[in-house]
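What follows is one chain in structure tokens, specifically the form predicted alone.
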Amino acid sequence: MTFAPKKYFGQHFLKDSQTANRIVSFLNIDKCDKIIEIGPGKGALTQFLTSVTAYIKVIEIDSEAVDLLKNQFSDIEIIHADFLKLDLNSIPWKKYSIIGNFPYNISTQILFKILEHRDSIQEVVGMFQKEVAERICSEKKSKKYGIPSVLIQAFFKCEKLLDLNENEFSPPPKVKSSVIKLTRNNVRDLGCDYKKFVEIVKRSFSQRRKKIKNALKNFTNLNDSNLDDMMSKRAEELSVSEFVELTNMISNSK
């Protein structure tokens, strides 16, 4: 049983089994043996997951792919659903890892959903458009450092592990791809108002060429002299901890 990839689902199937096996090997099964795969498609990664752990759930939106997976993998739980709409709290695992060749058109949305459930997710091994992967993993003072970098790195260690060319997929995407690994750190509480932290990060990068004082000019309480040093910098110059500090300074300023 075969089926053609569907453009509206952003399907680009990994062709090489050795590469698929290598991607699965990036998971730390000793740390967490419960795995959720997002968008398994034809099962390129799934076939190797079944050899390393018995605890697998796959989430697939495409009904044709679901039928194919059911024929190939009778012993795993296949959830026919849109990951972005699925209530992850319905999954009875306290801790699990996520893996997937993520559709590039929704990869950022997938990341933000992962952030929402960060205390249940031990690690993520994911395929992304190379440019997005580099943004996630970039460090401060880089032109690629931005909102995803700060928000993800607040709670995860980020590593870019593997680059892939277009011809390693069917059909080939128009962009290069990278596999990254996100490993949950020990931070449970940032030490600031999280919603305000997210708002300040997003606003600071909304005008990344300007100093932070211009990007945050609509905030109240920005006249505190203690803020002068932070406000004279650009967003890309601040680390996660400095954004936490800035959030608290703004919250406490009068």
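Quantities reported herein were computed from a predicted structural model and do not represent experimental measurements. From 1 onward, residues are counted along the sequence shown.
The same protein also has a form predicted in complex with ligand SAH, omitted here; what follows describes it.
Student: Tell me, please, which stretch of 136-144, 77-85, 111-119, 152-160 lies within 4.5 angstroms of ligand SAH in the predicted bound form when heavy atoms are compared?
Tutor: Answer to the contact question: 77-85.
Student: May I ask you to check whether S177 falls inside a 4.5 Å heavy atom distance of ligand SAH in the predicted bound form?
Tutor: Taking the distances in the predicted bound form, the answer for S177 is no, it never comes within 4.5 Å of ligand SAH.
Student: So in the predicted bound form, does any heavy atom of P148 sit within 4.5 Å of ligand SAH?
Tutor: Heavy-atom contact with ligand SAH at 4.5 Å: absent for P148.
Student: Looking at the partner-bound form in the predicted bound form, is L238 within 4.5 Å of ligand SAH by any heavy atom?
Tutor: Although ligand SAH is absent here, L238 would stay clear of it in the predicted bound form, with no heavy atoms inside 4.5 Å.
Student: Under a 4.5 Å heavy atom criterion, is L14 part of the interface with ligand SAH in the predicted bound form?
Tutor: Within the cut-off, so yes.
Student: State the residue from L49, A44, C192, L227 whose non-hydrogen atoms include one within 4.5 Å of ligand SAH in the predicted bound form.
Tutor: Spelling it out, the residue with a heavy atom inside the cut-off is A44.
Student: Hey, which residues along 49-69 are within 4.5 angstroms of ligand SAH in the predicted bound form, non-hydrogen atoms only?
Tutor: The stretch 49-69, when checked against ligand SAH in the predicted bound form, contributes I59, E60, I61, D62 at the 4.5 Å heavy-atom cut-off.
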